[in-house]
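Before any questions on how it binds or moves, here is one chain, the form predicted alone, in structure tokens.
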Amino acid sequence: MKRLLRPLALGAVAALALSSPGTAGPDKIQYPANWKDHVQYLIVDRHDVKQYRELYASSQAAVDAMKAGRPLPDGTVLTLVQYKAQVDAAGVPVKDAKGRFVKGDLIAHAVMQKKAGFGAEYPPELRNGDWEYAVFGPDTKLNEKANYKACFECHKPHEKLDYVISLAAVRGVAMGSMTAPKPDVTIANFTFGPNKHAATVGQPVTWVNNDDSPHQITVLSTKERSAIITKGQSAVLPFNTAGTYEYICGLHPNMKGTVEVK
């Protein structure tokens, strides 16, 4: 018998609508008590939500697979540890000598685990291969109220990256991305600048990513997506019809911009 989890976003981490006592559901994942002994492969400052994040893989073999662009080994556990960024009196995140956010209180552990047979009961439009997701609070208890459907929806378009969004940043390669010498829009601190860009029909628009975090341009009306672009990389999308096009970052939907084509 399937049970429905109430949708409730947890920061930027969310995910599933369906779980079952069979092969689906966050309760299939145990809290990774030894995550500190895992391989830390990425640190990300999230300016949009004022968070400091650390990403860990359960084995060096998993990290090596990421770097080589191969599917991750069966049994891999990836743990995203979220902390509040320390802020000053004005609410601005404090930075260390290297320009990195200073981590504050622990928020949650977001875990994704790959295991043969995981997710077999999900419908095709949701299933992320053999990956399953779970969110644990600072007390290490499973958050059963998290909206797990959003995790599957967010990772679903990234099948070519084995559904692991951070893989692009580890490789330092934006698969299929297009490059151009001059940006029309610069991505920095999880914002698009300028927020509104004026273009002419037939004129491509170029975005360049200056953030440590990967991003992806997604046009809402046409559903067109760029490749995932990592720091220093660019993406180009054509606009061949006049109109106003709203877009977001496909990985961080609260990042929004507009292209006005005349």
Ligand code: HEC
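In this text, residue numbers run from 1 along the sequence as written. It should be emphasised that the depicted structure is a prediction, and the values quoted were computed from it without experimental measurement.
The same protein has a further form, the form predicted together with ligand HEC, not shown here; the description that follows concerns it.
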Does ligand HEC get within 4.5 angstroms of any non-hydrogen atom of residue 55 in the predicted bound form?
-> yes
Exercise: residue 38 in contact with ligand HEC in the predicted bound form, heavy atom 4.5 Å = no
Answer for residue 118 alone: is it within 4.5 Å of ligand HEC in the predicted bound form, judged on heavy atom distances?
-> no
May I ask you to check whether residue 24 falls inside a 4.5 Å heavy atom distance of ligand HEC in the predicted bound form?
-> no
Would you point out which of 100-108, 87-95, 119-127, 163-171 contains residues with a non-hydrogen atom within 4.5 Å of ligand HEC in the predicted bound form?
-> 163-171
Ligand HEC in the predicted bound form - contacting residues of 235-262, heavy atom within 4.5 Å | 251, 252, 253
